[in-house]
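Two separate entries follow, structure 1 and structure 2, each one form of the same protein chain as structure tokens.
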Structure 1
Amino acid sequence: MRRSPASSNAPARSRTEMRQKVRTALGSLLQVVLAAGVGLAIGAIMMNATGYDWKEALQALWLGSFGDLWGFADTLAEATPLILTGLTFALSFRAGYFNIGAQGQMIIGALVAVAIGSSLAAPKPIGMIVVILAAAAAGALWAMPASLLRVTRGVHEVITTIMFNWIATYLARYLVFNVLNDPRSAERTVRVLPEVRMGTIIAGADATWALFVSVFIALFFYWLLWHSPWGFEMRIAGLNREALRYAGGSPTWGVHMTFLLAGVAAGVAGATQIIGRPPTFALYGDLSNLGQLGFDGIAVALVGRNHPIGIIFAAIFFGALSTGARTMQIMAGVPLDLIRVVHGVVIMAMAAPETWSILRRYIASRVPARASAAAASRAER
């Protein structure tokens, strides 16, 4: 059978596209490595200027985070919730929205995990699954008001998600001290039952099977965004909503789905901090075991280029910084305040390329002639 010219050119076109994708990926990786090098170099200069041995400090950072199996496991434990909160921001950003409500959605997920996990008497796999699904649903429901207000009243999601973060914070404090409080310990809630707790991957370390839940959700989001029609519509909406409407898509449907899925990721993050983080298995009244993981996820997403796979590695990097900080204090004697400054410099350097890319696209979107060119370039990635 004689092949048509179009079909004969298909393999060559496929190879060209593959080479282009590989070049783009390598270029992004090179930018991240160079940015990390610049950040670490600035941090080394700062430590040297303040009288500390920067070589010993960086060596301690490496040994504490990757030096042995237990250190690496603790790094992964720190990275587990950050993967999910990073996905919350990244998914919304890809669809054209700034959802900074991961903190509140995560808190609600943690509260539901405590409420159900402390009272559900079910066999171990079933109990864990029920708690995770309930926390995911709670996070999604908490994200919906921002979506509805955006669609029906045009209220910007940055305003609503910030407000709902505070509502979740004070609601959690009330419930911890007045409803879910442990009579034997005034500062925290009751512990979840052993049947719903996730087991550790390595004995004596903090990493649990929650890590695989986070990675699974990241891989699902990757498939959703780049290998499904729904994800294609989300990305088109993020580039140009008028183009999506012209093509027959529904921006309204897209914003609801985006916020629902982002809330799912944040809700699961809250659950993993309760049932998948020994030895507490409860929520403290000051929410200290949740920290600022929701906001840290924004930095993780920027360092990971708002890509689900990149976010996995960015979260591990953030986990390494957190785990290695303890070793830097002990081995090199670097004070915690200086360590945080150095971490901030490194993170800013690594997030700068993606931040600049976002600003450039925003400026381009203000000029109609540039908007179409930016959308075409973005679609090729």
Structure 2
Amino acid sequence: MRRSPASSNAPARSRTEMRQKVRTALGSLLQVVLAAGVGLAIGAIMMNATGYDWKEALQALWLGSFGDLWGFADTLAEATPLILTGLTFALSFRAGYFNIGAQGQMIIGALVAVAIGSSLAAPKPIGMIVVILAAAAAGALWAMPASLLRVTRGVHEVITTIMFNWIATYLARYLVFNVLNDPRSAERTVRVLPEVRMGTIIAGADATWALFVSVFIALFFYWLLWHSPWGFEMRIAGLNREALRYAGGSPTWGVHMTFLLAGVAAGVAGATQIIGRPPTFALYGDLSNLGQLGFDGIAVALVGRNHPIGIIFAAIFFGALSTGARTMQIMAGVPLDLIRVVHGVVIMAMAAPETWSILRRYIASRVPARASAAAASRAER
């Protein structure tokens, strides 16, 4: 934790704190921009090495995602589930855990959305709300065993959440083809009823009102984490479990709560892909309309600095990448999957924030000793 400088003068202290805060925020923004830049640069180098026109590709990437209103709407549509799966990773990370089970929790949410959305003929907003709540509950339920096993048996959540992802995938394949299948179309499940489908924001584009559901949940989680006593306990559980125990809190309770809420976000992400994503309003047999959204959430969370507001902007960035990638494939012939390479590089670049303090220390070592000592104490945090 950052120690605030000891001072008897309160206003001066808050001013220093403020300056410190701004500096930290600018530092992390710079780091995020650099990581994104490194990712795109390596993508461009790969395109060049494999014989594609990288300039044309990057241009297509930009035009497809931000070039016009419809492109931007598609970017927002892609961002909608990413905000939620990003929150899944970020919430658990705040509590000190690596929940990489968003993929499975999202699949379960989508399955429940299909099952209920295709059979519940309720008037307009009620059906939607029921579907979203049920998907949220299902996602939360699917996330619970991981935190239970971690707390009671000490089993690492990376292993358990991945196993649950695979179990969810096979369960979905079974249900899609054998239980929820559409007799008229072998490739997908039954479609959800028109009453539970969410309307588009702009006619002809993919973005629906589901975007506001995502943003609302992000804002709610922000409030919960930073402005409610439960959130405080959750964050302390991540920072220092012993301190929480001494303060009379229960570290395990915070862990279960974060996994539960993380599952809620992922479950709703699954629902938004079913009731809030035209034109199919169903789940494909190869689960292609869920793709890798659960894993993409990890990159979104890291770039968003595991902060709900940061995640909204990071999701728009990654949403733009996937929308632009489609245009890139059409215009420059570059395979869509190249964008996943960019994702991977961005994550790895985000892994090492110390690179910056090492760089700073290196620079400081070339100027007088006082500055170097200050840099070292800052780097020590």
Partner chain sequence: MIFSSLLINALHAMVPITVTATGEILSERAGLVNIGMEGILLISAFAAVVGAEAGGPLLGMLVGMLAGALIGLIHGIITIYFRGDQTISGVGINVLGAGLVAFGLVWQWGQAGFHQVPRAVRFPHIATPFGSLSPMVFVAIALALLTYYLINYTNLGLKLKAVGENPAAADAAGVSVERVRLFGAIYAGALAGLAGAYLSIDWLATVTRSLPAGRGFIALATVVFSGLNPLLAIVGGMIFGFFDGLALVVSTSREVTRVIPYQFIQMLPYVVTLLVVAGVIGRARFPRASGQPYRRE
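Keep in mind the model is a prediction, meaning the values are calculated, not measured. All residue numbers here follow the sequence of structure 1, with the first residue given the number 1. For the two forms, the rigid core is made up of the largest set of C-alpha atoms that agree within 1.5 Å on superposition.
Each structure shows the same chain on its own, and structure 2 is the form predicted in complex with its partner chain. Once the rigid core is overlaid between the two structures, Met328 counts among the residues whose Cα shifts by 2 Å or more. If you fit the rigid core between the two structures, you'll see the Cα of Ile347 move by 2 angstroms or more. With the core held fixed, the Cα of Trp62 is displaced between the two structures by 2 Å or more. Core-based superposition between the two structures puts the Cα shift at Ala36 at 3.6 Å.
We note a C-alpha movement of 6.5 Å at Thr50 between the two structures, with the rigid core held in register.
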